[in-house]
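There is one chain below, alone, in structure tokens, taken in the form predicted on its own.
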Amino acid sequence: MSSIARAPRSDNRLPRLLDEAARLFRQKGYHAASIRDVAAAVGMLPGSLYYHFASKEDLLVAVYEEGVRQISDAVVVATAGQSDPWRRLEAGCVAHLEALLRLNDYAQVVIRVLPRDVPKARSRLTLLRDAYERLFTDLIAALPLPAGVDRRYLRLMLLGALNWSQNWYHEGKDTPKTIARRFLKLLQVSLRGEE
């Protein structure tokens, strides 16, 4: 549960409220979805939403936090059983893509809402995004790479490619696992000079 949410009461609708906010932020975009839209989706008056969140930005941060938690948990579980660094990275990429490409509302908000687009929540959103990216920082740090490879840029390039896949992905053509494997094979070929 978000640290922004207030204490629950007996008729707590917070989980549904977060689900509907995530759905509306994904469908309409954060700026186009109003507090009135979110309140109506859960059958409450707009003013009642402020019982849970002091502002729309606070609601966004709670949705973002849940999205980061869901994706992070998937990556941690997927990588836990792997000892080979490349296999661990592949498992992390597959988990990331599966969360993103199944059009999970929370994951879509994390990918689509850029911290800079919401100045009042920018620092909180950036902290959440950075916490998630540390998982990939660690996965890439473990790779046996040639000296001189800039691991930070490698992480940024890989996450950028994974996140962009939502724009061209067509279900049934390739699975998230196939996409992750092909991305990583391209990286290995270019980094190691393999054929």
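One rule holds for the numbers: they count along the sequence shown, beginning at 1. Predicted, not measured: the structure shown is a model, and the values here were computed from it.
Below, we refer to the form predicted in complex with another copy of the chain, which is not included among the displayed structures.
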Contact check for 36, 62 and 102 against another copy of the chain in the predicted complex, heavy atom at 4.5 Å: no
Partner contact for residue 158 in the predicted complex: another copy of the chain, 4.5 angstroms, heavy atom: yes
Does residue 163 reach another copy of the chain in the predicted complex, with heavy atoms at most 4.5 Å apart? yes
Within a 4.5 Å heavy atom cut-off, is residue 69 in contact with another copy of the chain in the predicted complex? no
Any chance residue 14 has a heavy atom within 4.5 Å of another copy of the chain in the predicted complex? no
Heavy atoms within 4.5 Å of another copy of the chain in the predicted complex is the criterion; list the residues of 73 to 99 that meet it. 84, 86
